[in-house]
Each structure stands twice: as C-alpha cells, then as structure tokens.
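The form predicted on its own is given below as one chain in structure tokens.
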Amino acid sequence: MSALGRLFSWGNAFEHPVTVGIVAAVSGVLVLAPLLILVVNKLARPEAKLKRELWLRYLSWVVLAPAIALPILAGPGWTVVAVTALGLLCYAEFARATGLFREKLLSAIVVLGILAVNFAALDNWYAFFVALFPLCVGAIAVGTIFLDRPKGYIQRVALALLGFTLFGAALAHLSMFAHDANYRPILLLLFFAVELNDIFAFCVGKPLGRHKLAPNTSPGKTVEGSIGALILTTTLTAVLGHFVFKSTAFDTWPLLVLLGVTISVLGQLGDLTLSSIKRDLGIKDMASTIPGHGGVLDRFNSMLLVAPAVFHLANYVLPAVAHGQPQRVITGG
C-alpha cells in the first residue's frame, strides 16, 4: 500500500489487543449503562432533573464514543480530519463566548492556522508543523495592524493567540500521533484515560471530598477527588501503557507512571483552565452543543494540555513517533 493510500485505510484496525480491549470495554459500558441507570432510578429515586441528566449524558455518549473511536480506527487521515474538526468546533465556541468572532480577520487567521498545523500533521511534515507555531503567532500579532484600531489591540490579539495555541497548535499533536505505527492504541488510551480521569475525580470527590481544590474557579472539585483521580488514572495508564508500548524503550515503570501522572495532572489542569475562562466570562458552559455536557469544548477541555505533553514525552523517548513513516506524504510527491 502506498504511503498516501495508508492515510485512509482501515487496514490492521484491530491488530493491537489494547485497541480491541478498549473498544470492547466502552461498547460493553454503553450496552450495560441503561440497565444501571434504571437500577439507580429504582433504588435511589433521584429527582426528575437528575434522571433526565443521566439519560441525556448516556445518549450523548452513544454518539460521542463512536465519533471518537471510528476516525481513529478508520485510518490516520480520518484521524487528522476529526482532530481538525474538533479544533475548529472548539475555536468556534471559544470565539462566540468571548466575542472574538466579531474580529473577522483575526478569526480567519486563527482558522487558517488550525488548518495549516493539521495539514502539516497529515503530510507528516514535522519541521513545518513545528515552524507553524511561531509563524502563526506572528501572523496573529500583525494581522490587524493596518486596520488602524490600536484600541483593544492587546485584548483581541491575546484572545486569538490563546485560541490558536489551545485549539490549533496543542490539539494538532493528536494528529501528529497518527503517523506512528501504533497510533490507534496510543490515541484510544489517551482519550480513555482522560475521560476516566474526570469520572474518577467525581466518584472519589463526591463521597470523600472535604477540601475544595479551587472553590472560586470550580466549586465542585475537591483535593480528595483530585488525588483519587491521580492515583487511579496513573495506575490504569501505567498498566495499559505497558501493553501499548511493550518491548520499546517506553516500557519501563518509571516512564509509564510518569505518563499516567502527566495525563491525570494536565487533564485536571486543562479542565480548570476552561473553568477559569468561563468564570471570567460569567457563564456555566461554553455552548449547548452536547446535551448533558455543555459544548464540545466543555467535553474535551482536558485534552488541550495532555495532547502536546504526551506527544513530546513519547517523542523524546521514541523519536519514531514523529518520524516512523514516510515524510511529506502529500507535498513530497
């Protein structure tokens, strides 16, 4: 198969046991969840609002889980397309909530930047991928100068830089992972661990939480929940990571534990980052795109800091993460 043809191929989609395991586990949960919800409703008799929220969240995950897994399974190219769409949707919600959408030129530069970094990832052109961050920052900084509106320059440029950094440069590292021969289990592990990190924090914090983590930023989060998530996510990630990176330089317990700590800590910090933005804006959710969850950005905020950190950690230990496949698949002819 040609390097270009490989981008959109299902070939070997279920070759890795971790891929099979995660897909089977998530599918099993989705099948059993309605029964669990019915049992909870029967025994605990929650309020009607909570009942409705449980069903909304479940139905949303029936859509979200395949939306995450299918592009990853379908091939590297579809993975990049999905990450690009995620970045654009997150930026659209951010721009709407902050009012940045009114700055048409700046928003156009940010959107072009998001498209460019993901194209570089699709092309497996790592040098261009790295260069695009300072180039896009420069373009955002000077993009509106000749509109001759110095009033508000710092605010609008700062918002645009934050938008491109988080939803373009940071998220696009998920796209760069797609060129690793082992990308499917790696990305599924990342999404699986990040989502469970949120669940672990809630499940531990709800019964055991006594000390607020950041009450003015996220009143529901507790120190106990955060520590519980750190322990459980690190354990889960280290165990699954052993099978994902088996027989590689990454397959050592110190590195696997570091991977788990990185995912848990930065996942929680990504969530708190978005909470800080929302508190500053005085809103509860960035949008209402996903019933029971808020917006796309509300659901995937934990990945914003995790994606670049895990990529560079893996790429430092295993340089083949960025260079394991032919370079410049599209532009190299």
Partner chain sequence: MKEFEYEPSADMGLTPRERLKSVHREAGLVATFMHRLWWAFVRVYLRVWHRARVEGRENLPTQLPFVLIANHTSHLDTMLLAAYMPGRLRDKVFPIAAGDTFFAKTWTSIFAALCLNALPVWRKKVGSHALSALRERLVDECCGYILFPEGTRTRDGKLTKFKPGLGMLLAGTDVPVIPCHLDGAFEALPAGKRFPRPRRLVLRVGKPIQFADIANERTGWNHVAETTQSAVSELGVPFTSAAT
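Numbering follows the first chain given and starts at 1. Please read these numbers as outputs of a predicted model, since none were measured by experiment.
There is also a form predicted in complex with its partner chain; it is not shown, and the following applies to it.
- No residue of the trio Leu7, Asn118 and Asp123 has any heavy atom within 4.5 Å of its partner chain in the model of the complex.
- Proximity to its partner chain in the model of the complex, taken as heavy atoms within 4.5 Å, picks out 278-286 from the listed stretches 51-59, 31-39, 278-286, 65-73.
- Taking a 4.5 Å heavy atom cutoff to its partner chain in the model of the complex, the contact residue among Lys104, Lys246, His211, Lys206 is Lys104.
- Of the candidates Thr262, Thr165, Thr144, Thr98, Thr98 is the one whose heavy atoms come within 4.5 Å of its partner chain in the model of the complex; the others do not.
- When its partner chain is considered in the model of the complex, Asn216 lies well away from it, no heavy atom lying within 4.5 Å.
- Within this chain, Arg156 lines the site of its partner chain in the model of the complex, having a heavy atom no more than 4.5 Å away.
- When its partner chain is considered in the model of the complex, Pro134 lies well away from it, no heavy atom lying within 4.5 Å.
- At least one heavy atom of Gly152 is located within 4.5 Å of its partner chain in the model of the complex.
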